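Shown next are two forms of a single protein chain, provided one at a time as structure tokens under the names structure 1 and structure 2.
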Structure 1
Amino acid sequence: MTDDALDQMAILAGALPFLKRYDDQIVVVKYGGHAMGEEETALRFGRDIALLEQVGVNPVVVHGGGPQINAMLKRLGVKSSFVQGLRVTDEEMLDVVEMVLAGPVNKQVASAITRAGAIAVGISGKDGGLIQARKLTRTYRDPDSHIERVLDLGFVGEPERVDPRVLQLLIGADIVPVVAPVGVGADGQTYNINADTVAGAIAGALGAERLLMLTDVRGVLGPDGQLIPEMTVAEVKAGIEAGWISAGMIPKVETCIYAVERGVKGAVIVDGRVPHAVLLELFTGTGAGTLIRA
């Protein structure tokens, strides 16, 4: 038995009460591009997801791939920019984003899970009408004129409607769905959507028991830099207002709020760099990151 399998066994040894709680429940796991790291990290993640499936949980994986898109853009010599944490996406950029997310990244994640003994199928939000999207409209206040202006990020979208039937079919057949965050408009236009947002929308539409957001920080850190194990929606909103929750953490906590307000029992931000982060979060009493509840 490998060290990794022994670690999994050790976590499962005390997990009986938690196994009952999550039996046949849906757990949506957002696997961020930063958490993916080297091939061995992806394989270890795949083994944890396969184990969840094998012990009776129904995992659904939504992956990102920001750093992987950046690497491909570098190879192609294409420059990219972000506004409010979102990639400005023109037609050329959209081609690269879809190619990378729905291509190698999606297949690498699905194949890591399948190699570990479960069956995983990779799809994008365009398959089976999963994510009907619309162009994202955001406004910002011009700091000089104080006039409210519309932000144009090109083909960046937001989910308008999630049709979970394709996911339910796969889950019903004991297949782990692996979703790339690309959606399609009513007119057939493809949209690039932030993976956190897609994970929240899918967790809400499926009535998931838990949403786990795997990233490369320990969770939400307070003003003193200490990890906060549990927060209410009101406390999160106060943290954003006060400014100590900022940058890339904002879409993450906003996604968690969105999900818990739609009935997801708990949304957690977890450090995906920690070996077996998913198992530790679900199957140990203390959890590993920041739990956000209604």
Structure 2
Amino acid sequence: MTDDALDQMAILAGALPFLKRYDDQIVVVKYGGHAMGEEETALRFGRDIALLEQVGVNPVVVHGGGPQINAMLKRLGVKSSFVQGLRVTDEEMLDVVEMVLAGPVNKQVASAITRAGAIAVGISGKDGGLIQARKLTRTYRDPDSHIERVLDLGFVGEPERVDPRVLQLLIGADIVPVVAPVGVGADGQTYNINADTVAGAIAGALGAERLLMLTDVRGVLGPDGQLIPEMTVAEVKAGIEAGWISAGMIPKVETCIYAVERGVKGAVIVDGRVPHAVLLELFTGTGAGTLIRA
């Protein structure tokens, strides 16, 4: 037997306890738009998700698509407007967002997983009443008058209720759901929703074993700049209060906290640029990011 074969056997033997741990468990994976821009990266992600399904895990994928939306807006000559760093989604832009997210991006992700040997079906949060949404309201303090004002972001929403039955039906049929982050209000209005927020809400509604947030950073870095492998919700809140968890990391950890407080066993911020980051996180003892737990 060659050294390569022995190494492969050692890897399989080491993964066995983790395979047993996640057998028949739900794992929600948030897949970012930047990673989808590279064809080989997308195909590798598809193979990893297909492998999860084939070894008995029940993956659910929620994807973003910011770069793809930006490219389509530029192509169509639709200008983006921002308020306090947040993009306003007017009616014209909403049509583009839904077309891109629920159309080519959604189908490309599902296709990559299906090509790798699993069956994946792309849906949006509007299908089967999966995500009932409401208009997202944000406030800010005017720097001149110090008066608190309301930001009107147009048709940007947040999940109000998640009905997981359509996902449960797909999972029960050994089909990988691939969800585009678009929801619908009680009045039938479509809303564009942040993909991180949708992933957290779905993970909570399904009682997932893990929520994996694939992003373009290593995870949560401590005051010394070193990666923190594991944190409790209380420690994360203390880090935000102290100021060393800041800026773009705050919404990510807040999504993790939301999911954990709703029954998800653990939420992990993972560097999606690392090859096979999902498999490293689930099937090795070292993981690939920062695990947040109760």
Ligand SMILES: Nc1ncnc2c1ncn2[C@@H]1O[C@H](COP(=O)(O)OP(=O)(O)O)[C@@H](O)[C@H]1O
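All figures in this text were calculated on a predicted structure; none of them were measured in a lab. Residue numbering: structure 1 sequence, from 1. Under this definition, the rigid core comprises the largest set of C-alpha atoms superposing within 1.5 Å between the forms.
Looking at both structures, it is structure 1 that matches the form predicted together with the named molecule. A movement of the C-alpha atom of residue 261 falling short of 2 angstroms is seen between the two structures when the two forms are aligned on their rigid core. Core-superposed comparison between the two structures: CA of residue 66 displaced by less than 2 Å.
Taking the rigid core as fixed, one finds a CA shift for residue 246 of 2 Å or more between the two structures.
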